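First, one chain by itself: the form predicted alone, in structure tokens.
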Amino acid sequence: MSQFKVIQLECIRRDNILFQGLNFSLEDGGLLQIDGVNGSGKSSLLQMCSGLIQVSEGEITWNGENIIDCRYQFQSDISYFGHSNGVKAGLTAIENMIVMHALAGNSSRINYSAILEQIGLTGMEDVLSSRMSAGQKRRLGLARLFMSKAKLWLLDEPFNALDKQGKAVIERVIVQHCSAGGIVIFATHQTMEIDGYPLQHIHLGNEQ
């Protein structure tokens, strides 16, 4: 049983306290949504949770160990997806997916065309990402979720630039990952349409 835990976490940016005394924990199958107005600390929280930003006050643990003390194992167990799509403009959809596959450390065989079909990019295998729309680039970037072997997913605004259909596809992938014992923490201001699966929720900031 894996466990991700945040204990009395504080975030200060430009002398402003964005949040403090934040506590939550997730075990296998846990799904947590973080929302709040722009500047409330959503991205900072996810970056802290991934180890990209050092914690100044409080503690973050993975399976009972501080993520600093188990850095190598923790990094191998997580997949962080930020605002950037992480795709190369000069590569085709398939070429980008080959790179994603290699970076994921996944040695299993992957049907790239089948994944493109699932995310609504059927027939775009040989299209350069530079010629794709913003929504298509986002879909391509999110294709890495289909290849990830990581236990813990940290997703920052994964639904940006996606239409309703694309959002529904990624919601299904998230639920499937959690149903298989994975853990997902994601930030979004959008209303989730996840029925029949327990969704925890944290709101940052004073606006409701």
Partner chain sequence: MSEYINIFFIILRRDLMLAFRNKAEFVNPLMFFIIVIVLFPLAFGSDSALLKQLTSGIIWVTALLATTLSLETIFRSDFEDGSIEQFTLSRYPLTLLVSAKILAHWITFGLPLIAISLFTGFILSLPNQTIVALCITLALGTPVLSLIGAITVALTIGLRGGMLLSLLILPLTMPVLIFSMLAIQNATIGQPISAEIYFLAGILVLAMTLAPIATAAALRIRLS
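Numbering follows the first chain given and starts at 1. Only a predicted model underlies this, so the values are computations on that prediction, with no experimental measurement involved.
Keep in mind that the form predicted together with its partner chain is not shown, yet the notes after this line are about it.
At the 4.5 Å threshold, heavy atoms of residue 123 stay clear of its partner chain in the predicted bound form, well away from it. Residue contact check for residue 103: one or more of its heavy atoms lie within 4.5 Å of its partner chain in the predicted bound form. Contact annotation: residue 136 falls outside 4.5 Å of its partner chain in the predicted bound form, judged by heavy atom distances. Its partner chain is not shown here, but in the predicted bound form it comes within 4.5 Å of a heavy atom of residue 87. For the options 160, 148, 33, 47, the one in contact with its partner chain in the predicted bound form, meaning a heavy atom within 4.5 Å, is 47. Heavy atoms of every residue among 71, 82 and 144 are located within 4.5 Å of its partner chain in the predicted bound form. Judged by heavy atoms within 4.5 Å of its partner chain in the predicted bound form, the contact stretch among the candidates 166-174, 52-60, 24-32, 179-187 is 52-60. Contacts between 121-140 and its partner chain, taken as any heavy atom within 4.5 Å in the predicted bound form, involve only 128.
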